[in-house]
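Just the one chain here, the form predicted alone, laid out as structure tokens.
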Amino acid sequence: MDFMNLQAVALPESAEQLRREVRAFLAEELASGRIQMRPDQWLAGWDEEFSKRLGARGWIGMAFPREYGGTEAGALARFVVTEELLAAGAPVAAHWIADRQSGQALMKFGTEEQRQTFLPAIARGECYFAIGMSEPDTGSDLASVRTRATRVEGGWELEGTKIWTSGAHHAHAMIALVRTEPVTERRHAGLSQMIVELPDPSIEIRPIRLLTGEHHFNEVVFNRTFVPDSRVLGQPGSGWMQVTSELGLERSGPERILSTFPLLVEAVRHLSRAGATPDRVRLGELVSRLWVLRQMSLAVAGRIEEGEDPAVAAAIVKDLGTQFEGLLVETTRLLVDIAPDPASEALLPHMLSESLIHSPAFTLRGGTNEILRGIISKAVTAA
């Protein structure tokens, strides 16, 4: 069963040197107060100036060729940078989607004009993308997409609604999965991807706020939105194949493991400052699981580096990783005798509160566990 191939990957010395450089940079950013450590910052931490500083150092677009503004450093180097940014709780939401998957989709399926238009700006940390996949009443079942694109002169006209669209109110563009042919028994046929540039007067972007009042999710409504032919991504009708290859990138990264890691760091610091002895069994179990999941995520990055498309392995990492993220929050709550408090000025109770409120979304975003287990089951059956 090749889809289960998760061979251990050893990082080269150049990657470890890169890790030291990123850690030094982040230590300076934190010490200066330019950024603050928070959980779940790859969705909630929108800081365009920080993204531009990363872009200036060549730490965005690391998988892009140099002719498009990238560094060609590869998937393993990108893994190291990503891991350090998440572990430090750095605010990376602005460039996250564009760097992780939209830019990769443009590289794989985009026209030369599309690449030249978007990729250099993404690599500079100046161009941000949103994802237009999920829809009301269909959730993660992408084959049920109902947003329609109708052929008109010079392009397509979009009607429909996308939901849980993180960062759409800030983004410069979104890649929307739409139906360009009538539904048949082959539910995956007739789907296409389109680059929708934002803002657009025909598009309503409505906030969906968290219990904390935070705003990063949106509902996006297309009202006869015109998309020119030059903004169709790939071939019309090939949307399902394209979007499933994109999901491999979305589901396997260290963000599926490390969203709540800053909370654990702060909890251990709190126990140390208090002179308290942590529950070593609970802590040991947690760190052991973290290390195994990290090795699995790194193994997927290694397969991507080799040019493979490990979509099923990525689904396994996300299923296990997002369960772990929730477990980390619960275990931390038991390790420290502190109540979560969103109004607290102290870091730990505030972070604990943020993590608890965000935790129901861990297993939802990027595909629910039920969807992921369906993908894994089909692969096992077909093997």
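A residue's number is simply how far along the shown sequence it sits, counting from 1. Since this is a predicted model, take the numbers as computed values, not measurements.
Beyond the structure shown, there is the form predicted together with a small molecule, which is absent from this document and is the topic of what follows.
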property	result
Listed residue that, although the small molecule is not shown, lies within 4.5 Å of it in the predicted bound form (heavy atoms), from 216, 303, 231, 78	216
Position in contact with the small molecule when the complex is considered in the predicted bound form, options 127, 131, 296, 227, heavy atoms within 4.5 Å	131
One stretch from 272 to 280, 183 to 191, 157 to 165, 199 to 207 that, in the predicted bound form, holds residues within 4.5 Å of the small molecule by heavy atom	157 to 165
Contact of residue 43 with the small molecule in the predicted bound form (heavy atom, 4.5 Å)	yes
Close approach of residue 11 to the small molecule in the predicted bound form, 4.5 Å, heavy atom	no
Partner contact for residue 370 in the predicted bound form: the small molecule, 4.5 angstroms, heavy atom	yes
Proximity of residue 361 to the small molecule in the predicted bound form, heavy atoms at 4.5 Å	yes
